[in-house]
Structure formats: structure tokens, C-alpha cells
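One chain comes next, on its own, written as C-alpha cells: the form predicted alone.
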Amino acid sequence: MSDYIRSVDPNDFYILGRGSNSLINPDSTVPAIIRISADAVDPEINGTRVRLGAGMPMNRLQDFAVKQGLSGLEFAAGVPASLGGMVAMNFGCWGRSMSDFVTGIQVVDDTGAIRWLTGDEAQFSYRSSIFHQKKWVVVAAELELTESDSDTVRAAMLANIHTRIEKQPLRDKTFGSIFKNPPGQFAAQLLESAGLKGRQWGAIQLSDRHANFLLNTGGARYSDAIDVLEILKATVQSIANIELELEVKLFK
């Protein structure tokens, strides 16, 4: 890959991973949405350190980890996302985050230059990173994993997938988690305590399985979802005096 592509106007595009935690306005005036190919970068392995393309979806990443006998990413098994998107948002659950494993990130910056960032330079925090402030394209990520055996890694991943299917509406039409967890709180519990779990507004329902997921029961529009998000935020604010922050990325 060339060390320089071209000058890039960040207003000309959005970057999309697998779109699993995104809500896209069909009337957006942004000219292009860029999705990184799963095959744009060949995997590289050096012991327990691996370099993988940002477009690699989690199901392929699971297969790769099992085949190589590498442990660490079991917590993310079953998430319908790509590596680049999970790095950019610092995906996490069950006490682990992508930042625990990322040692380097290859990016295209806003000048078109291709370079590597260290994990520290990525400025990881809860569900955030430097990519929330700068419109850089994640091309690849370097991860430090742990040596294990394939059967152990496979069993842990299957167990986590089963847990997700039981507790989250993964088979319904959703855009993933709605809100970030406020400090010391859980967004789902706040929404449930506000009496919103299972409530329906037209074609949109707040899941009765996990209250931090919105379901499109058929024909819901972008504007409908935005209206419901405002209702949810306002209700929790009035009852719990807590302002919920969106985790879902809005492509306006």
C-alpha cells in the first residue's frame, strides 16, 4: 500500500464498518459511505501478535482465533461487527474492551497519509477513541493475544454467543445498543425503571428482552427512530435526572 493516497476532505464521506451500531439518514447529503473490504489486508501472525484488516467481520475473526489457538477476543464473539468498527468505538462488554488488546492501528489520516498509531495514541476511553474526534480511516489493527488451544477458544466463543442470543434481540431488526452506560449505572436498567421496556411507538418497540435495544417491527423510518430516541432520553432525564448519551452512531 502506498504511504500517501491523496488529500481527503472528511466532509465527503462516512466510514462504515458492518453498520451494526449505526443509524443512517437516507436523505443525508454526504456523497459517499465507505466500507472497508474484508479482504483488503492479509493477516500477519508473529507469535501471539497479529495484524488484521479493519474490514474483517467478527465471525471470520472468531474462525481465525480458533484456528490459530489465540485467546482474548472471546468476549466479542457473536457481535455482528467488523474489527475496524470495534476498534474505533472501543467495543467492550463483560469487563473487557478492544483497547485491552490493541497495540497498533494503521490509519489513513485527513491528509491522505497512511501511518501507524500506538495504542496510547488512539486515546481509548469508554466506547470512544481518537476516531470520534478525527475522521481517519482505520485500515488495519495489531492485536496482542494469548496462546491457547483451539478447543478452549472455540468453547468460550460458543458460550458467549449463546449468552448473547439469550439476552439480546440479535435476530431482530436493531441497530445495536442505543445508549452508553452512565458512570455506575446501566442504560438498560434506567430505561426499564422508567417503565419503557417493551413500549411501542408505531413501528418501533423498545425490546422486552433487553431495554437498550430498539426494534424495527416493520416500516420504521429514520425520523421515527430519532423521535423515539428523544422520548427515551427525555423520560430518563425527568425520572432519574440522568442524561443518556448515544452509543449508536448517527449518519445524518
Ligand SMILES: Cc1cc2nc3c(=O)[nH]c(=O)nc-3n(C[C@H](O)[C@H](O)[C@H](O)COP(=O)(O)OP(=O)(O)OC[C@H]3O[C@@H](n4cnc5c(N)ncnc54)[C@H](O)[C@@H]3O)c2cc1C
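In case it trips you up, residue 1 is the first one in the sequence shown, and so on. None of the values given here were measured: they were computed from a predicted structure.
FYI, the form predicted together with the named molecule isn't displayed, but the following is about it.
Novice: Quick one: from G104, P80, G72, P182, grab the residue that has a heavy atom within 4.5 Å of the named molecule in the predicted bound form.
Specialist: It is P80 that has a heavy atom within 4.5 Å of the partner.
Novice: Considering non-hydrogen atoms and a 4.5 Å limit, which listed residue (V137, A122, V153, L143) is close to the named molecule in the predicted bound form?
Specialist: Flagged contact: V137.
Novice: May I ask you to state whether L16 is within 4.5 Å of the named molecule in the predicted bound form, using heavy atom distances?
Specialist: L16 belongs to the contact set for the named molecule.
Novice: Is there a heavy atom of A225 no more than 4.5 Å from a heavy atom of the named molecule in the predicted bound form?
Specialist: No, A225 stays farther than 4.5 Å from the named molecule in the predicted bound form.
Novice: Please tell me whether any heavy atom belonging to L117 falls inside 4.5 Å of a heavy atom of the named molecule, as the geometry stands in the predicted bound form.
Specialist: Output for L117 is no: heavy atoms all beyond 4.5 Å of the named molecule.
Novice: Does any heavy atom of S128 come within 4.5 Å of a heavy atom of the named molecule in the predicted bound form?
Specialist: Residue-level check for S128: no, no contact with the named molecule.
Novice: Any residue of 206 to 240 with a heavy atom within 4.5 Å of the named molecule in the predicted bound form counts; write them all down in order.
Specialist: Residue within 4.5 Å: F213, and no other.
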